[in-house]
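Next up: just one chain, as structure tokens, the form predicted on its own.
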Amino acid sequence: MREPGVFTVDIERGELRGAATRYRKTLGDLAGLYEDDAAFETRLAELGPEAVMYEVTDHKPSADAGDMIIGVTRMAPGRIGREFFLTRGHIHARADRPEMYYGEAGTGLMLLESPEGEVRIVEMRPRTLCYVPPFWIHRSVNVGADDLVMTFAYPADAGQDYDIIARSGGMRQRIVDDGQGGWQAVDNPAWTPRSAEAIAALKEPAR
């Protein structure tokens, strides 16, 4: 039998204190995700490929069905051209698994897309809790001037499928500066709909 765990959300550092796992995504890791390749190369030259865009600390007690992974993600603020910094985004490998995000600090968005291409956007601020239902692709975007810090939790056997976004040419919408100190969602002209067969395969029962 496992023992209960106790962890602390360190908002200032943007991490889960006591977590055993830490990983970072650098600017170099995110090549190809942004709409403006020239702006990306300019930013790469300015910040360097090892600049940390976001960092995750988490606790994975097991990969067993019925268990839970908990953690904290911290995202840096900034833009590539007109587009705000973002995470790679994913759907769960077992697509019928949900996820929860809770805003701790900063201002951001949870950009969600169904396999059929419906889009939902949830504003993330301190004490905002976002429920990501099963079968929804999700990506975090920092639209503020400070680090975006969020706590998350999801089923331990969920896994991640990052390539679903690339296979459709990106997510259906991008989050960009509106020129007035805010943000707006704009259509991504490179996005292509998923086939009926691909959607059906996602919704097959998890094994």
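Start at 1 and count along the sequence shown; that's the residue number. Just so it is clear, the model here is predicted, and its values are computed rather than measured.
Another form, the form predicted together with a small molecule, is not on view; read the next lines as being about it.
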| item | value |
| --- | --- |
| Heavy atom contact within 4.5 Å of the small molecule in the model of the complex, the stretch among 35-43, 141-149, 168-176, 50-58 | 50-58 |
| Contact flag, residue 83 vs the small molecule in the model of the complex, heavy atom cut 4.5 Å | no |
| Touches the small molecule in the model of the complex: residue 160 (any heavy atom, 4.5 Å) | yes |
| Non-hydrogen atom contact residue 99 with the small molecule in the model of the complex at 4.5 angstroms | yes |
| The small molecule contact in the model of the complex: residue 94, any heavy atom under 4.5 Å | no |
| Heavy atom distance at most 4.5 Å to the small molecule in the model of the complex, all of 73, 87 and 154 | yes |
